[in-house]
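As a starting point, one isolated chain is supplied in structure tokens, in the form predicted alone.
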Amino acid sequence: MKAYSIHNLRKSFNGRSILDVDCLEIEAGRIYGLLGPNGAGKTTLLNILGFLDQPTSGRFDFLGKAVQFHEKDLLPLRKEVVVLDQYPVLFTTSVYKNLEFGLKLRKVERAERERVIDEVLDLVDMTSFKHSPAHNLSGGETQRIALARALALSPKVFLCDEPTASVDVENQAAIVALLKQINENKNISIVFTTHDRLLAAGLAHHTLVLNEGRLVSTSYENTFPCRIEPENDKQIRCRITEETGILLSSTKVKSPVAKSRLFIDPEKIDLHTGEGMQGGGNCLQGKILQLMEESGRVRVVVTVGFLLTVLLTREKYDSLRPGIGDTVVVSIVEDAVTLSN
């Protein structure tokens, strides 16, 4: 079953288009990562999915039924979806009272409230904090209690806005593990926004990318701002970092610009392992950080001074057998590179 099925969704504000989504289908029981730059429309889309905002136009189905964006129709739907903010707010009372509040509103009996609260606190490994003052919790502890509070309401969908952005590395790992466990054990659909491509690749079953309000190819993750520098009469260097750049023919630049955006097609990048690897030119040495099978291909994330995604055919992967942590060389042919202003 599809949790959401959306067609021709538009959201405008003061005459300006914020979202323009032709088609989006989110399968129930799966995890979706929503990537994109600031201002791309990620939070707006999350709020619409959570029935906290409404589209200007378009067809919107939830769990197989068409949604009418009228207040009386939205109230029951909001009970099926929980939006988890990047900076969750807890009442200045005990952890227990924070978790009990939503259950009381739903008129859950006291004994059942106690059972549910104990269960969700155990799931997020926060049982010992049951009677602690919520306002004294750390950022990571607050996020985990927010997850427990959401779980207590037995939603069908979690919508998480930057779930690991405001916590330390240790709690980031704990929250990622919790989201996986919640999805697997409770079959709750999860959509989360992030700027972290590694997090999206490691947690999500599917990755969505928004840019200027539109869903775009996940190849967006190989798009980088760059500085154009003349190398010689016939070549330019597109500098992505101070240490790393891509050498191209000067004919790639249509007009004199100092700054541009560079896209590297992940399917046209070659990857080399083993003896005889050499850098230089557009051959960059790095280490593999992530491997993920995707629709018959293998997505390889390599750090080469920046994060670069390479898509290998299954045959290529089987011949190379690269592993996480391996040192490799990526070869970027000029045909793989596109420049835009």
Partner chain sequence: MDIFVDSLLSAISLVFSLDSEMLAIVMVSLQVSCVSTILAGLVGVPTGFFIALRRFPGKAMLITVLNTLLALPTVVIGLFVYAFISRRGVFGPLDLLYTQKAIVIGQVMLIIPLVSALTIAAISRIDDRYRRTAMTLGANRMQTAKVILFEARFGITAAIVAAFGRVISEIGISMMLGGNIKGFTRTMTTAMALEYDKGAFSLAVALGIVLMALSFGMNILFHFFQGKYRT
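Please read these numbers as outputs of a predicted model, since none were measured by experiment. Positions refer to the first chain, counted from 1.
The same protein also has a form predicted together with the partner chain, omitted here; what follows describes it.
Although the partner is absent from the chain shown here, E71, K79 and L153 each have a heavy atom within 4.5 Å of the partner chain in the predicted complex.
Note that among 83-91, 169-177, 113-121, 223-231, the stretch whose heavy atoms approach the partner chain to within 4.5 Å in the predicted complex is 83-91.
Proximity of L75 to the partner chain in the predicted complex: non-hydrogen atoms within 4.5 Å are present.
Heavy atoms of L52 reach within 4.5 Å of the partner chain in the predicted complex, making it an interface residue. For the chain shown alone, V257 is not a contact residue for the partner chain in the predicted complex, no non-hydrogen atom being within 4.5 angstroms.
Taking the partner from elsewhere, L105 is found to have a heavy atom lying within 4.5 Å of the partner chain in the predicted complex. Residue-level contacts in the predicted complex: of R214, K130, H135, H205, one residue has a heavy atom within 4.5 Å of the partner chain, and it is H135.
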